[in-house]
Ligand SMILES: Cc1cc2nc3c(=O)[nH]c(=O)nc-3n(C[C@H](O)[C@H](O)[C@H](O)COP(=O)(O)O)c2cc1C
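So this first bit is one chain, no partners, the form predicted alone, shown in structure tokens.
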């Protein structure tokens, strides 16, 4: 089978080396001044060395007001820093760079937040103009593309939302009026950057809130954006204020409710839960004869092989790997070198999300050693970790609370052991990857009474080399009930 995810693809006039994308991820690495700094450069050049096709640099404000540790491009003074960032990305690998630009409304610790129905028409026009100005600066800075942020809890997404409470031509009376501001932004940006410059749009294909819109609206939103010249649409879901958890004295964070889990699906969710949205829009595009605009899907897609299966099925054109590439930026290079087995796999514990929520610098808190702000560089190393002479001594014991605790000895590696993968089989079935972790113990909270469990582990080093499987630890979790059929009969 052709490895489609490694195949080149063209977006407008831009040629990408492969179909893997780093979607825009908040880093909180910028200072309050909104300028590109060394930490920002280090984060994105690390992705470039990993050979991802397209890096979408984090959401960058189009307006002038300060916005905490967030990049800005609301005036010409910011262009030089962005130009340096783009040059450094290009110098470090084959990756191309897009800049995601964003506008957001005011929010207070009291819980109050500005909504689109509070904006005057002059303020709306100023937002449209600000997008055009920022896009022009992005091109001047040397970015290979610009991406318009129309997703989640922010301004353009709020105009698109079924919860848009305006009652004028920019309001929520119809899909046409909800689309008017995003459409005018798209037209303004295209006029400022020219026909040959790639424009992407990131928007929610489902709001994932009560009375929010879903795929039926999203396919027409995508069609309108494509008709206005979007070269790709990157599909997200959720991330709304409407179901955010409210903490006294804290500004609401739009990723704390169910809709936030759909934006960044945690370990408890099935893999690739949002792919059906991309598949639905791609099929709709095919029926409409729309072949120019590419479809990007994202959300808990674990490996290049998983992404390739989605492409082979015709469900998308490109794959966004956010947390997976944060965990291991070398994933594209490893796939190209047929070393996918050495990928350090994200566990979707969402520590990165929690850091963002608490306004801390975003890093992989589950897998990276604490001293690393960015992913460790993989050494030139093909020596795998080994177990001690007497083996891993893996054991599984039942805690009083019914959970199974698995422990093992540390492995040995000349350049250091990075972490461990733990696998589990239930009642003699196939072994499945449960998690990856830095410690030598794991608590299985999913073990269920009345079943037999087998566990084994592999150690891996900074280069992703895996040890041999450990021995197997077996445990039968006793059932607290009688299994006799007569006892279980309903009386």
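A quick note: this is a predicted structure, and the numbers were derived from the prediction, not measured. Positions refer to the first chain, counted from 1.
The form predicted together with this ligand exists for this protein as well; it is not shown, and the discussion that follows is about that form.
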- [ ] Find out whether any non-hydrogen atom of residue 320 is located within 4.5 angstroms of this ligand in the model of the complex, and reply yes or no.
- [x] yes
- [ ] Please run the contact check for residue 95 against this ligand in the model of the complex: heavy atoms, 4.5 angstroms, yes or no?
- [x] no
Task: is_contact(residue 259, this ligand) in the model of the complex, heavy atom dist at most 4.5 Å - done: no
TODO: Determine whether any heavy atom of residue 240 comes within 4.5 Å of a heavy atom of this ligand in the model of the complex, and answer yes or no.
DONE: no
TODO: Counting non-hydrogen atoms within 4.5 angstroms of this ligand in the model of the complex, say which of 116, 127, 179, 264 makes the cut.
DONE: 264
Task: The unique member of 315, 303, 164, 100 whose heavy atoms fall within 4.5 Å of this ligand in the model of the complex - done: 100
- [ ] Select, from the options 307 to 315, 191 to 199, 320 to 328, 218 to 226, the stretch whose residues sit within 4.5 angstroms of this ligand in the model of the complex by heavy atom distance.
- [x] 320 to 328
Task: Sequence-ordered residues of 7 to 27 touching this ligand in the model of the complex, heavy atom within 4.5 Å - done: 23, 24, 25, 26
